[in-house]
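Single chain ahead, written as structure tokens, the form predicted on its own.
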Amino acid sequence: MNFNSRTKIGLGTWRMGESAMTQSSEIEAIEHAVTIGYRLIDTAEMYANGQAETLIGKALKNLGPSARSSLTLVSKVLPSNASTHGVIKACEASLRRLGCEYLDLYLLHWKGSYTFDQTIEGFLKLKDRGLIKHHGVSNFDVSDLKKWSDTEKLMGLTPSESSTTNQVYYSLSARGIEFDLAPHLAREKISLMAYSPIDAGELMRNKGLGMLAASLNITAAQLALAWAVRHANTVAIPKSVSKSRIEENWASKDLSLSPQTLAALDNLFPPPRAKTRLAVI
């Protein structure tokens, strides 16, 4: 699917909903993100056993009926639910928790035991019912992505009906996909959705990155995010429940990095020189 400047930086919700003590502040964080301009929210049925979806649903209810139409909502189905029937039931359950009538994008969370044609058939049935607009995958490397695309072609799907997105772990300290996966996605016009683009906060504590960011009058997190979404087909979904951090992350979408800055980042975090195993968190 096509993302735009309002969806270059989205809100991730992994680890939200895991504690009843923090759910109130997490709902407020989601509301704040939408209020300041976030238009992409990512979640999954796996996150806190559906509680992350429930929190999003509560936040959207608080924001009012007009909020949903402006958002791109993404969720993911577990491989154990990825049979044709299972995909449908899992999506229906996600929509109930979200309090929404449809998902903009629905992804297979990672490859499991069900055949790709079973999962794709489930996605197509959901599309026919208007329950999802687009489908895609997550944590797929080149070989599996090619098999998935070949299956779609054998099933008669046109390019506009096929997978639109691959959500993978991508950050300055996890650049392995640049060797072959990222170029493949660009060639096939498949969007790259980067999860954990700040390495769960680890990059904010990197001394070299911090010094470079300070020289640019931005934070290390902003530099890491601006780098992650530097290509047109890439969006990032950092998770935060801090309102100030949510604002900081959001501002990174407007940053452009000079060739000199990109070269400095390559020195700090060298790009891959060979094929590596797909990094997964």
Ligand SMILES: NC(=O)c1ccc[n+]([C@@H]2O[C@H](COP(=O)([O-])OP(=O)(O)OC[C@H]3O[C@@H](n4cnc5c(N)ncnc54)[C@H](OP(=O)(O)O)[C@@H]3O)[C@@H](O)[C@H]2O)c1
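Throughout, we count residues from 1 along the sequence that is shown. Quick caveat: nothing in here was measured; it's all calculated off a predicted structure.
Below, we refer to the form predicted in complex with the ligand, which is not included among the displayed structures.
- Residue in contact with the ligand in the predicted complex (any heavy atom within 4.5 Å), chosen from I27, A221, L212, V34: A221.
- Taking a 4.5 Å heavy atom cutoff to the ligand in the predicted complex, the contact residue among I190, L145, L131, M204 is M204.
- Although the partner is absent here, E121 lies well away from the ligand in the predicted complex, with no heavy atom inside 4.5 Å.
- When contacts are judged by a 4.5 Å heavy atom cut-off, T151 does not count as touching the ligand in the predicted complex.
- Shown alone here, T165 lies farther than 4.5 Å from the ligand in the predicted complex, counting heavy atoms only.
- The shortest heavy atom separation between H135 and the ligand in the predicted complex exceeds 4.5 Å.
- If you check the ligand in the predicted complex, you find a heavy atom from every one of W14, A200 and E248 within 4.5 Å.
- Look at 136 to 144, 83 to 91, 112 to 120, 172 to 180: in the predicted complex, residues with non-hydrogen atoms within 4.5 angstroms of the ligand sit in 136 to 144.
- Along 238 to 253, a non-hydrogen atom within 4.5 Å of the ligand in the predicted complex is carried by P238, K239, S240, V241, S242, R245, E248, N249, in order along the sequence.
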